[in-house]
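As a starting point, one isolated chain is supplied in structure tokens, in the form predicted alone.
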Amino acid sequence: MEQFIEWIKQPWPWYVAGPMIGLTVPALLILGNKTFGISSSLRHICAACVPAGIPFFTYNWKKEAWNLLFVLGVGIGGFLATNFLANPDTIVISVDTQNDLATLGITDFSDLMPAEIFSWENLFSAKGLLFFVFGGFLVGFGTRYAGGCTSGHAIMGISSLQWPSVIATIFFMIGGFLMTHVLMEPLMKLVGF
């Protein structure tokens, strides 16, 4: 059992994790003609909890209860992995990336997310407003506008040959590259990095 725990604590190589993620698509389709995606679960939660009669939330959300259980499992799995299965080794980040981030004031690579951005002290600051509130709004708006999130489009949509998912994924990638190489530095300087 101890060997299993040590094995599961290690990062899994792409050739193991990738096929496991990829095989969820045919499994979901074969087992119940279900589609994979995380962002739709927020709609299901709102449909279950908000009795306002809003047409967008008026549907049989109970048919999608499996999706809510999946998201609950993701949350529980994340908690267990962070608190009991964390890899004690230092996060491996290329030297070039570390140097690029250091020019932006990000130097603490001891955890999964940079402490200079993701800390309780930053939550109620200009950084927090920009990264958490405005960034969260943009992610939510983009997800709704694109009709789904990256997992739904890039994993499920492309594998089931849906053209809108290909387009959405292309624009997700363009947005990521644009943010990384053009907008990140000015935004970091704007909020005082």
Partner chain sequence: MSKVAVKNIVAEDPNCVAPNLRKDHDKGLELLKYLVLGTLFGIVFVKAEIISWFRIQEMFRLQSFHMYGVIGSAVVTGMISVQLIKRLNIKTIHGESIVIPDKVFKKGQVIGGFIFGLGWAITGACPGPLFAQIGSGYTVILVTLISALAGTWVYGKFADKLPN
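Positions refer to the first chain, counted from 1. Given the structure is predicted, the values throughout are model-derived calculations rather than measurements. Basically, rigid core = biggest C-alpha set you can superpose within 1.5 Å across the two forms.
There is another form of the same protein, the form predicted in complex with its partner chain; it is not shown, and what comes next is about it.
Peer 1: State yes or no: in the predicted complex, is some non-hydrogen atom of residue 126 no more than 4.5 angstroms from a non-hydrogen atom of its partner chain?
Peer 2: No.
Peer 1: Do residue 48 and its partner chain share at least one heavy atom pair within 4.5 Å in the predicted complex?
Peer 2: Answer no; every heavy atom of residue 48 is more than 4.5 Å from its partner chain in the predicted complex.
Peer 1: Is residue 8 near its partner chain? Define near as a heavy atom within 4.5 Å, in the predicted complex.
Peer 2: Flag for residue 8 set to yes.
Peer 1: Is residue 78 a contact residue for its partner chain in the predicted complex, using a 4.5 Å heavy atom cut-off?
Peer 2: Residue 78: yes, in contact with its partner chain in the predicted complex.
Peer 1: Going by heavy atoms, what in 80 to 114 lies within 4.5 angstroms of its partner chain in the predicted complex?
Peer 2: Residues within 4.5 Å: 80, 81, 82, 85, 86, 87, 91, 92, 93, 94, 96, 97, 100, 101, 104, 106, 108, 109, 111, 112, 113, 114.
Peer 1: Once everything's superposed on the core, is residue 155 shifted 2 Å or more at the Cα between this form and the one not shown?
Peer 2: No; that C-alpha moves by less than 2 Å between this form and the one not shown.
Peer 1: Residue 47: with the rigid core matched between this form and the one not shown, does its Cα shift 2 Å or more?
Peer 2: Yes, because once the rigid core is superposed, the C-alpha of residue 47 moves 2 Å or more between this form and the one not shown.
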